[in-house]
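Form predicted alone, single chain, as structure tokens, below.
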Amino acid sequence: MHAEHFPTYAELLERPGALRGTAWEVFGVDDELGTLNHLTPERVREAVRSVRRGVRVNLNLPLDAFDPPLIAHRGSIDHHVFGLNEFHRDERIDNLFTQASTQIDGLRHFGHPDHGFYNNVSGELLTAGEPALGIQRVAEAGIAGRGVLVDVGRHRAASGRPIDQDSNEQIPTSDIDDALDRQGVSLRPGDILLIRFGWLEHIRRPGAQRTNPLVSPGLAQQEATAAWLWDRRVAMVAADNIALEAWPATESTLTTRAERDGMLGRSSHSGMLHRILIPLLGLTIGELWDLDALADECAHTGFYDFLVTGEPLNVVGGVGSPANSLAIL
């Protein structure tokens, strides 16, 4: 990052030894923010120019939006309100899973079976209360920048190719490019990319039934997807589906040496694009972002860029956090 030339994804693949295919040390040997480093003060100041009307749009679902939870091991919150007397109220929230609703995945969320965690941080350090790669790093820096909505769901429907919301259809980056062209907006380095597939609208419609097992369309599990995001210097990417990428990753061709050699058994994480984006590239991602109202506003005005902010919980050693995000149009 300190060099005049910023490496392309192809150049990352040419790095020597253990650095091959990674962005480790690109932002510094001790870096813990990854691509959020693209949110420079100059880019944040420029992002303010995207505010035209001062309209604020919430991008967060309620913490208890899903009952039963979408992911079985992420339970429902238990909210207690109490008072010390009749003119006072206090509260606590038990059983809070920070990634059960609108969320930000921190850089300790995923490691790569062949490489490890981002910037070669030891997995032994990634415990509660230990700061390495914790979500508090993001909270300390804050998230603010030019957001760009790409409404792939609306674009595909208008093109006569609606996304199959009850499948794990892999959406190629060509659909993103086509939607951006249709919207008349382009990406700039440091942008926060918000992708609307239309999945949340689909599962929240009256009478909707969840598929069992749960599936959703999403980004194609291809190295070309990672290259597309990296080469555009996206600071962060978030979507309105369960995993940003297609879920489950059963149609993925991505693999690891550990799995091929039989050192690691297959699991629900096999083939996931997460394994490239988070630990190798240091890309912060968001899931289950509520983008429907934002999409309506953008379609009404014809402007698809805005100021977007996010402030995760300041939990030392946190893996992820509710997004606490806002678009200002």
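All values derive from a computational prediction rather than experimental measurement. We number the residues from 1 along the sequence you see.
What follows is about the form predicted in complex with a small molecule, which we do not show.
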Have a look at L280, M272, A295, L36 for me and say which one sits with a heavy atom within 4.5 Å of the small molecule in the model of the complex. M272
Looking at A243, V234, I171, I195 here, can you tell me which has any non-hydrogen atom within 4.5 angstroms of the small molecule in the model of the complex? A243
With the partner left out here, if you bring back the small molecule in the model of the complex, are Q99, D105 and E287 all within 4.5 Å of it by some heavy atom? yes
Answer among 117-125, 67-75, 186-194, 202-210 for heavy atoms within 4.5 Å of the small molecule in the model of the complex: the stretch 67-75
Can you tell me if H109 lies within 4.5 angstroms of the small molecule in the model of the complex, counting non-hydrogen atoms only? yes
Since only the chain is shown here, I'm wondering whether W247 would be in contact with the small molecule in the model of the complex (any heavy atom pair within 4.5 Å). yes
